[in-house]
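The chain below stands alone and is given in structure tokens; this is the form predicted on its own.
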Amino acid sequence: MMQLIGMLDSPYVRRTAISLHLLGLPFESRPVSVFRQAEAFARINPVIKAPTLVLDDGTVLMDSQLILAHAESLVPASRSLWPAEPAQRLRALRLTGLALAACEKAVQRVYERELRPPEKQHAPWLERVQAQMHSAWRALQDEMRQGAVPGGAAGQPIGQAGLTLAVSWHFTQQLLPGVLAPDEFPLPAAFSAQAEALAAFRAWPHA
């Protein structure tokens, strides 16, 4: 059975776990921390990058985008998390890119806060990162206002765009409370709340 290495407090690990669940691909979750258990993680993947996916034949994959590209290749089109229609797929790619950009900036802010002592934190950098994060969420809010609802794909209750948006929003609310006001971004906030009620999200909660 495939093994997913990494902690569910990582939005990238959680995104991967929920995606594998929805795709119907069995896997074992191994919550190894890249910080507290770096030596143990290095024995699995010397790069110490989460998520890491160990395949049945021992092949080690990393990076959620690449892991999920491989996962999609293992399932029929009827289980895909991406729309089949080209225009819808293009819109889903744009929404996913914006959600990943927002997530990346949130992670950078968390790392800056958790890994650097306050006297070494660079205020202009933090301001830039926060501005980029807000820009991504404003773009997502605008896309959703224009009708780009990141709903399901094929027979799935949610597609990859919506899944990534929901996980990114929830991560930011958990780790950076107060940074994103739900009343400023009501559509992503409401969508994420609905997604968190899905069985696949409840099965792999932010930990």
Ligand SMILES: N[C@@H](CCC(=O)N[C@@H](CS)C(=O)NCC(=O)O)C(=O)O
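Bear in mind that the values here come from a model prediction, so they are computed numbers and not experimental data. Throughout, we count residues from 1 along the sequence that is shown.
One more form of this protein exists, namely the form predicted in complex with the named molecule; it is left out here, but the text below deals with it.
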{"query": "Proximity to the named molecule in the model of the complex, single hit among V54, A154, V34, L180 (heavy atom within 4.5 Å)", "finding": "V34"}
{"query": "The unique member of A50, L140, I158, A166 whose heavy atoms fall within 4.5 Å of the named molecule in the model of the complex", "finding": "A50"}
{"query": "Answer range among 59-67, 23-31, 172-180, 140-148 for contact with the named molecule, defined in the model of the complex as heavy atoms within 4.5 Å", "finding": "59-67"}
{"query": "Contact of Y111 with the named molecule in the model of the complex (heavy atom, 4.5 Å)", "finding": "yes"}
{"query": "In the model of the complex, F191 touching the named molecule (heavy atom, 4.5 Å)", "finding": "no"}
{"query": "The named molecule contact at S19 in the model of the complex, heavy atom, 4.5 Å", "finding": "no"}
{"query": "Neighbours of the named molecule in the model of the complex among 1-36 [non-hydrogen atom within 4.5 angstroms]", "finding": "S10, P11, Y12, V34, F35"}
